[in-house]
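Starting off, we have a lone chain in the form predicted on its own, written out as structure tokens.
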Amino acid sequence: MDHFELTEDTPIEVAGGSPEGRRIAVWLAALIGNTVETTPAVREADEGSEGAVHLDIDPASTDLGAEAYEIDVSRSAVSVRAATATGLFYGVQTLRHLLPPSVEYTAAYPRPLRLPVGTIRDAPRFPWRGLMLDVSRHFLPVDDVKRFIDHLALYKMNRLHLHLSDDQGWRIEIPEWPNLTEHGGRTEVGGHPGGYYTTAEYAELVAYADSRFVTIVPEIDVPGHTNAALASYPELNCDGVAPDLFTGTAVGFSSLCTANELTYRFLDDVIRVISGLTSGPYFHVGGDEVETLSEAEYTAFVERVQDIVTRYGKRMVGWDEIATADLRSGSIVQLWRPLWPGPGAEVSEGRAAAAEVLREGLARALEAGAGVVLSPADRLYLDMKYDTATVLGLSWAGLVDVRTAYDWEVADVFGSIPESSIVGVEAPIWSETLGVLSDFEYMAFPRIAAVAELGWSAPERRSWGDFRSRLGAQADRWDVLGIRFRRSPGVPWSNGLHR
């Protein structure tokens, strides 16, 4: 096969003096090099030179969308072209996949490195391709979250949803309300020590994600899932009595006192602080599994919180229960419940009724200009067990093996939602049973690759037979990266590499 040969003498050229282009070029050079001597030179150039890798951000490239890219590899040069820095970064990630997996391990790998000759032109189907980490039930430190950001970048995923508060722990510093973290952040499921992010640490995560073109979506789950906050500040309870800290896994029992004006001053502070630290345009307000409020109390609360989110320049995101409120244009409903019966499906009367309520609420939300992110638990919850023998995870929504996560089409399951209203897909990882980074990675891999392709590729370009073969080849790269993953049955896994 014809190929382009990369050596330490292969320069990486950046057209037009773009600072973002140069930053991406430096990232690529660091991937290729394993010592100072073997790291390619990065230089500016107006046009591609023979024997060079040429990176070009050209805003005038109207034939390419905001996240699209074009790669051309010949025997004499490599060109990656995009209209935006985001597209260029994704093109470089594709080059990364074309290089041998051993490139991921800097201690040693064979040279020269070779890229196959050919042309690739690519663009995503959906603008939102996300993963959620529940750091509330079990806390993950900053470096672990950064590692997941790198995992997302590898597969061109662009949203990291951080579930920062729940009954079991409050995970982000709010200077005006210090007891949220000093008291509410010191435990987690099982009674183990929890943890939290200082404002500086959270800002560090945002900057790290930005550098990899990943948008952090912070979530403060209200009005339910709030026991950690209620235990920290008794005045947020309607009876003024602080409950004990909670280390179990039950849901639905807690709620802020929505009739108390202090609640909204509290939320104003929280949303203001976090929004000021967050570069992305979204703020997730949770809103799920509230069992202690009437429908009228709940919708009034959501609409008032929506006003606060808007005041601080963010777009409100919430779990699908928020669709019962009057939502503004640009808000996003995250559909999580496996309530939507497919064509011809036999379902219980209760599930059918719940699905109808959700349909009606979503119809109103979409008419108002809201969008939908799809996270159906029976397909995309990565904390669901792979099979009955899986030690980690839960199974209330069913068993979700890699084929279950991949081999479905959103139009078939959610056909009454116009595709133009579907912002994208997101895979949550809830952490009731996940204690450490390797647990999170085991539940994410290999299914994260399935979610990434579901969000990126049009249905006519996807097939399980083709995907399973390509997925199996990823084992070598994951092995070099030190990722603990499940070798799901039915996938022809490679043997892995030994470091």
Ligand code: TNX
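All residue numbers refer to positions in the sequence shown, first residue = 1. None of the values given here were measured: they were computed from a predicted structure.
Below, we refer to the form predicted in complex with this ligand, which is not included among the displayed structures.
Here is the short version: of Glu453, Glu432, Glu70, Asp439, the single residue with a heavy atom within 4.5 Å of this ligand in the model of the complex is Glu432. Just one of Leu366, Leu99, Ala242, Val251 comes within 4.5 Å of this ligand in the model of the complex, counting any heavy atom, and that one is Val251. The closest heavy atom approach of Arg81 to this ligand in the model of the complex falls outside 4.5 Å.
In the model of the complex, at least one heavy atom of Asp288 sits within 4.5 Å of a heavy atom of this ligand. In the model of the complex, at least one heavy atom of Tyr381 sits within 4.5 Å of a heavy atom of this ligand. The shortest heavy atom separation between Trp336 and this ligand in the model of the complex is within 4.5 Å.
For the three residues Arg23, Tyr155 and Tyr208, a heavy atom within 4.5 Å of this ligand turns up in the model of the complex in no case. With this ligand left out of view, the stretch that reaches within 4.5 Å of it through heavy atoms in the model of the complex is, among 87-95, 391-399, 255-263, 302-310, 391-399. The single residue of 301-331 lying near this ligand in the model of the complex is Trp319, the criterion being any heavy atom within 4.5 Å.
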